[in-house]
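This document opens with one chain alone, in structure tokens, the form predicted on its own.
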């Protein structure tokens, strides 16, 4: 569209146009006048939020002639601060995708999907659900989602109204292990005050790949202030331009590194003794345990030389409390290894030893927005279900609000879970082994997917219910915690392109009515939103106008150490909760579940800055970037490839006990020789997503269906593969 047009080409094109319109009753002059008017049409400005990833940054949408015209980052949103990443710009084009779901679909006996009316969909789903609950009880029903504001309100209320406790989130393949470690150690997951830190260590976390604009801005500010940045990662990731040092650690051994660093702080008496005395318990037990984890021991485990470990630990201690191991997200220990929960505990405790909690440049527990809720007298809420959430007894340490989502297919194969709802979730490709999910969901009596496109999970469902894209709908008011809390609102920027789609609030309300629990859904989205902002002293009109409002009276208290949300109210270096669950009270060394040997490799994965999970893969402009730069390739260490006769861009076969995949290879010196790396956004198999289908492969194909013992996570890096060149 930006290609310059010569005068001759313009005349030629105009003549062709004139010839075409002369065959109809179309008025060329009226058309040109209309086009001119469209060009001069007014531009509307709508503050809203993105949905390109879980960060849900604030953005300003500009529309013209009823269509999306351009986007900007919202300056007042704490995560965007006036900037949007590539995903934010690209994913908005989902509005106009030709491969969106446009109407409810039902899987027929022949396996094909046919469109049905909303009335039929709601009635059949409701009738089947009542039948299942009557025969098997409400605990045989589950709901899984990647939470978004409206889903947090309506989906959770719906499953509770049915009498089922079985609500789950995507965190089983994200950060449940990290959060399990942090929650039972320091009572929650704070954020690192990167901008004000003097020494920052990232373990498997890459701001340059999992982009949140405010995070990149904070890191840039820290570097301008002279901060030292260390990246611990088997892969030299895209945050490396900010780094002073890259430590190419053996994958799965981050726990050993942190334990050895803790050893140095204790051996040299460099920890914050005052903080430990006033705010910690169980430290003497921890000291006894880490005495054995010397830097020399850790060198043999991690491949990082002992002197480097000593130097980093000492330097961080000298700069405390403005030194921090960043809390990560999925990173290296969100859900990847058998020892990920223990790594989370060790990271939280190392920061506590620096005394950096609630200190500038350290860990900050942010302020919360403190949203209101519906009046229970006017809109009665369903009672808490009597049954225990499935999976809690198996994994008592896992975050209870999120649960362990992969318990659903496990119970389905056991014949205990009969119905499941998946909202904004492609669990069948992203949470666990796809073949296992396929077998399990096919065992269920009712599977319903609510989504905007025909995902792999949708293709395993009996009914598929279409939502409009996030740019075409209003959402529930949301609160964003942080140094200064904020209240934000996603509101529609354009009218629905496909009028036969429905937003989640309408879908769950109608499902509730059809299932016999409609008495809990007599409120509207507007009712909820008014209640949410009422305690904040603002109106919905103000929020609609601004989109994102910082709450200046809700700020984190820097310099004041809080009471920790643990049983003791303190940092727990030794945890009775862990011991009661059958694990060690203090963090100990746990090796990875599997190890590569005899020319095999650990398969690892991670993010790219242009994609989120699998949801963005079918966006043409984002996938074009992938294709232009061959971003779907398998990374392999150059020297390892040479041993196998593999050259750059060769087609290789990646084989594990679970699957075999072919892909082109990218040779690099930026990767530990014991691992190969594949980006996590590819391997789409749905025939309805033609832009993405057949590009790259999904690492989940190779991951066995298993559970991390403490958190129930997917352990997605616990898989060994062989790599060989495919003969021409």
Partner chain sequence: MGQYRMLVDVTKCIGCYSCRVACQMENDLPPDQSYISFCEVEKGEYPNVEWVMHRFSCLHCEDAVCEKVCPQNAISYSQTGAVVVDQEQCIGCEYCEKNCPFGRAKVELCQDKEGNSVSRANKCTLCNGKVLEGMTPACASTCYTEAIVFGESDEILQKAEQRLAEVKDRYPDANIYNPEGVGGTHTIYLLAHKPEEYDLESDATTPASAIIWKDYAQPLGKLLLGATTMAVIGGAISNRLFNKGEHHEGGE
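Computed from a prediction, not measured in an experiment: that's the story for all the values here. Residue numbers count along the first chain shown, from 1.
A second form of this protein, the form predicted together with the partner chain, is not displayed here; the remarks below concern that form.
Participant: Residues 120, 143 and 464 are flagged as a possible site; in the model of the complex, is every one of them within 4.5 Å of the partner chain by some non-hydrogen atom?
Facilitator: Looking in the model of the complex, the three residues 120, 143 and 464 all stay beyond 4.5 Å of the partner chain (heavy atoms).
Participant: If you check 566, 484, 308, 217 against the partner chain in the model of the complex, which one has a heavy atom within 4.5 Å?
Facilitator: Contact with the partner chain in the model of the complex is made by 217 alone.
Participant: Of the options 276, 159, 174, 85, which one has a non-hydrogen atom that comes within 4.5 Å of the partner chain in the model of the complex?
Facilitator: Selected option: 85.
Participant: Give a yes or no for residue 318: in the model of the complex, does one of its heavy atoms lie within 4.5 Å of a heavy atom belonging to the partner chain?
Facilitator: No, no contact at 4.5 Å.
Participant: At 4.5 Å between heavy atoms, is residue 595 in contact with the partner chain in the model of the complex?
Facilitator: Heavy-atom contact with the partner chain at 4.5 Å: absent for residue 595.
Participant: May I ask you to state whether residue 551 is within 4.5 Å of the partner chain in the model of the complex, using heavy atom distances?
Facilitator: Residue 551: no, not in contact with the partner chain in the model of the complex.
Participant: Residue 297 versus the partner chain, in the model of the complex: is there a non-hydrogen atom within 4.5 Å?
Facilitator: No, residue 297 is distant from the partner.
Participant: Which of these stretches, 541-549, 342-350, 283-291, 233-241, has heavy atoms within 4.5 Å of the partner chain in the model of the complex?
Facilitator: Looking at the other structure, the answer is 233-241.
Participant: Check each residue of 623-638 against the partner chain in the model of the complex and list those with a heavy atom within 4.5 Å, in sequence order.
Facilitator: In sequence order, 624, 625, 628, 629, 631, 637, 638 come within 4.5 Å of the partner.
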